[in-house]
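What follows is a single chain, given as structure tokens, in the form predicted on its own.
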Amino acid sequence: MSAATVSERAEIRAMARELASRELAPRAAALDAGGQDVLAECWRLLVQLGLDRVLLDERHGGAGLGVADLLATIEELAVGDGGIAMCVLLCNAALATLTDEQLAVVPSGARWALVPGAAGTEVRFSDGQLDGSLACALGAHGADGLVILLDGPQPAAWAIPRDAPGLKLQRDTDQMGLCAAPAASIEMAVIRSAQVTGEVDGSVGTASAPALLRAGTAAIAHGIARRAHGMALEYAHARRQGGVAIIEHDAVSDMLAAMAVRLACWPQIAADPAGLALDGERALAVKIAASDAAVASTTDAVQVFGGTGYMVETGIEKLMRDAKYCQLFPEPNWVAHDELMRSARAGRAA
């Protein structure tokens, strides 16, 4: 059980829902365009509500939420903007891996990002120094610090402040989705151990950081799908063609019904959400299911809008791109499928 009371946890989710509706959704286009000023303003509002560190306890300015409440909170934020929700997930996951001594030097409002090292990533720590490179690290550009999660049977991570000598970040200009979590390519050239904040064990409480990222990405994908369904439903009622609202057309109503079915399946997928971050296999499967469903629903939403669905001004095509990025993080879904099958084969062999 988290330190926050039931009413406090409900209040935090309600604040996230209201912020998403009032502040994030109206700014979604500007965030998608990569506006740094609007990102800074949205982050200021998130910090004001304490959503940047809700997993931390009160000693470190947090609310002491558990994993389940964090997932519910970022889902509400994702209804407003998936990239902002991803920033909140990455920051909470990064800060929650740090020790008390490390947190003591992280100023309030700092935006950190947990960066998972994908399979085959060239990152090494040996002879007292960290070096290597990472590509397309979501949320890394402009972050005040990074927690680099290293591969291995027992994940380890290194916390690195932005100003560490030898750390270089370059904005990923090819990023097409979740743009409010600006990605960067990372180069680490002989970062000495004395320049690194320190080693952390790659876990968030009793959860593993990779599983938390997968479960969180699933929650974000579901929030994006909720937004797409709501916008498509509203448009289908308002748009008239052939003398009737297009929701009366079979093709449109079939797509809206399919979107509603996918949303209705989410409670079954996400039952016991805290368990997602404790069970790596289950988190992996749910991330695949939720992101695939979000891509299907946002694609349907574009088609409900017809030709205007491809116009940036509607905001619908952005949701499709955001959903697609959920299929790619923290690993592409086709890689996740292979990992699940390897695990299944190993289990059968045992």
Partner chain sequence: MSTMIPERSLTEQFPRLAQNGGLDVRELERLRARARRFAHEHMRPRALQIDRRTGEDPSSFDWDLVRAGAEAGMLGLLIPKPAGGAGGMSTQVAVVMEELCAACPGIALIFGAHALGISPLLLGGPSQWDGVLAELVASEYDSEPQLMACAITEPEAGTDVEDPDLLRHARITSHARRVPGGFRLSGTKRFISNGSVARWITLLMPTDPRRPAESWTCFLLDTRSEGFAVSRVEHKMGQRACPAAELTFDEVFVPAERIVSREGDGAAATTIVLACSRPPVAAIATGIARGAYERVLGWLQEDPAARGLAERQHVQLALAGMEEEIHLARQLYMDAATELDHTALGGVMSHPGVRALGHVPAGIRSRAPVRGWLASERARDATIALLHRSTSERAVTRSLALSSMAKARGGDVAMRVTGAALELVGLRAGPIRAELEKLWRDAKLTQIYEGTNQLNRLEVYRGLCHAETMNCLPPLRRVHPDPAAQAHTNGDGNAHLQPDPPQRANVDGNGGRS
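Keep in mind that this is a model prediction, so the values were computed, not measured. Numbering follows the first chain given and starts at 1.
The form predicted together with its partner chain exists for this protein as well; it is not shown, and the discussion that follows is about that form.
J.: With its partner chain left out of view, choose which of A189, L233, A257, M176 has a non-hydrogen atom within 4.5 angstroms of it in the predicted bound form.
T.: Contact residue from the list: M176.
J.: Of the residues L169, A110, L134, L103, which one places a heavy atom within 4.5 Å of its partner chain in the predicted bound form?
T.: In short, L134.
J.: Can you tell me which of 64-72, 313-321, 34-42, 47-55 lies within 4.5 Å of its partner chain in the predicted bound form, counting heavy atoms only?
T.: Result for this chain: 313-321.
J.: Is P26 close to its partner chain in the predicted bound form, meaning a heavy atom pair under 4.5 Å apart or at it?
T.: P26: no contact with its partner chain in the predicted bound form.
J.: Is the gap between R239 and its partner chain in the predicted bound form 4.5 Å or less for some heavy atom pair?
T.: Yes, R239 lies within 4.5 Å of its partner chain in the predicted bound form.
J.: Does M15 reach its partner chain in the predicted bound form if we count a contact as any heavy atom within 4.5 Å?
T.: Outside the cut-off, so no.
J.: With heavy atoms only and a cut-off of 4.5 Å, decide whether P267 touches its partner chain in the predicted bound form.
T.: The answer is no: P267 has no heavy atom within 4.5 Å of its partner chain.
J.: Any residue of 290-305 with a heavy atom within 4.5 Å of its partner chain in the predicted bound form counts; write them all down in order.
T.: Contacting residues: T299, V302, Q303.
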